[in-house]
Every structure is written in structure tokens, then in C-alpha cells.
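Next up: just one chain, as C-alpha cells, the form predicted alone.
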């Protein structure tokens, strides 16, 4: 329990530091929401009046304190572009990003583990070579190019889905899940390739350890040896990789969202940066940071459960 409380404390401190640094960075960038709203040719008096109204002329530390106090209550301010509460904007875009992330992680887990284990049965054999070649190709193909290929073949040639035809989950949940399948594949393939290669190398390395030779010498079958000895030690680094990948896809696959016209957090972030809508950008930065830190914290907690040496 003490270990978990310590990790939670570290998580909170990290998020506060990140939120302050990002808030400070936005305040140092030339231009602000007042200029973005009124334009570069706006009257200086009108710009100053809007800055006064938005509270942009106060000291940065005061602005940050007010923002932090409101953020802790779930209020991230109002978008200067959409003139809507930031929490409402993020809440509308979050389901698409999270669903895409869950889809992707399911594909990564279901594909990479069997392929990774398949290549370890006979290292450097024909099957291992085939898995290695496939994983190298998967890692080399960029997500945006894979997304374009999937759109071309399944959307234009086979006409299995409407290109750019995003389906609102509130109107048609089945259509929404079907539409996100191809984007999830585009996100998952490079990460599947990376995870497959990682699992293969980790298992092969563990099989060369002395404890494995000892267990084999005691008459353990290869299956028992793999399940009771090798995989337990392999899971430690694999958990780290899965946590990093989950944080990555949960943070929003910006390129894939653009290719498939998905109104997720990635597209909202790009639009908000272009329009200097810093309240929205700040909220999304905090979401991304929270996702990364929380996933790493969960990985550390899982370490403690998986490995007695950590305890």
C-alpha cells in the first residue's frame, strides 16, 4: 500500500509540474487568443480590451493559479475559438479517440503475442525468418501511408466503407465501431510489428539463461518451461512496452485521425494550435500527460504484483 501511495504522489507532482511548464510555454509564445480572435490588423485598444476581458494581462503565476483551481473542479475554461466550455469540447471528441485506442490495443495484443511466440519455436528457422521479415516491413510502413492504402483498397476499390464517412456513435453504434476498424488496423500494424519483434527477442534471450537449462535438465517439458519460467520473466519488459503503446494510442493518433476524418482529440489539438486556442490545447496536453503518467504508474504497480523482487 505504501508503494502505491508513493506512486500516486509522484503522479500528482508530475502532472502539476507538467501543467505549469505547458502553461508557461503558452504564455511565452508570441501572440495570444485576443490577437487570434480579432486578427493581426485589429485596433490595439480593442485587443487590449479583449485581453482585459479574458484575463490575459495578469501575471502568469496568477493566471496559472486560477486555471489550476478551476481545473481541479473539472472546469478548463472556455474555448476562444468555439466559445464553448473546453471540458464539453474534449468530452465530445474523447469517445472516438478512446474507442480507436481500445481497438488498436486489442489488435496489438491478439496479433503480436502469437506471432512473437511463433518465431521462438525454432530460432533462425523458416518460420522465425518469416515473422522477422513481416515485423520489419510492419515497422517500416508509416501509419499515414498504411491508412491511405487501406482507404484506397477497402474504401475505393472494394467500396466496403465510405471514405471520410464518419458515423456518430450516438446515431449508429454498430456503424461507428465498423468505421473505426480500419483506422485501428492502421494504428496497430506498426506497433504489432514492434511488439512481435520485442517478444520474440525477449523469449529467445530468456531461453538461453542458466535457470532455463536447469529446469530443462530436471525434465520439464518445453510447454511447462515456457509457461512456468520463461513467460514470467518476459512479462516484466513486455508490460512496460504495452503501457507505453497504450499511452501512445490513448493520447490520440493525430495522423490516422486526419487520414480517416475522425473527429478525435488529435484533430482538435491541431485545429486549436492553429487558432491559438490555448485553453483547449492546455486541456489536451494535460490529458496526454495524465495518460502517459497513469499508464506508467499502472505498469509499476503491475511490476510489484508480477515480480516478488520489487516487493
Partner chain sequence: MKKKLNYNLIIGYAMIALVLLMAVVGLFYTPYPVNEMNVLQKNQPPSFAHLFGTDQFGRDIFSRVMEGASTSFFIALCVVLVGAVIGTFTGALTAYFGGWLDAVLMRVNDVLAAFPSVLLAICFVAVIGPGTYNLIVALGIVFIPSFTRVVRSEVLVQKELDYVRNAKLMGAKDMRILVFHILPNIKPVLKTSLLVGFQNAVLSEAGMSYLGLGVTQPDPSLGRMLSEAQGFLWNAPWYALAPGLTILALTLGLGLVTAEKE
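Positions refer to the first chain, counted from 1. Remember, it's a predicted structure, so these values are computed and weren't measured experimentally.
Below, we turn to the form predicted together with its partner chain, even though it does not appear here.
- Here is the short version: of 232, 140, 205, 130, the single residue with a heavy atom within 4.5 Å of its partner chain in the predicted bound form is 140.
- Although the partner is absent here, residue 151 is a contact residue: one of its heavy atoms lies within 4.5 angstroms of its partner chain in the predicted bound form.
- A residue is said to contact a partner when one of its heavy atoms sits within 4.5 Å of a partner heavy atom; residue 62 fails this definition for its partner chain in the predicted bound form, lying far away.
- Within 4.5 Å of any heavy atom of its partner chain in the predicted bound form lies no heavy atom of residue 67.
- Under a 4.5 angstroms non-hydrogen atom cutoff, its partner chain in the predicted bound form has residue 10 among its neighbouring residues.
- Shown alone, this chain has one stretch from 69 to 77, 99 to 107, 130 to 138, 179 to 187 that lies within 4.5 Å of its partner chain in the predicted bound form by heavy atoms: 130 to 138.
- The candidate spot formed by 255, 259 and 292 lies fully in contact with its partner chain in the predicted bound form, as each residue has a heavy atom within 4.5 Å of it.
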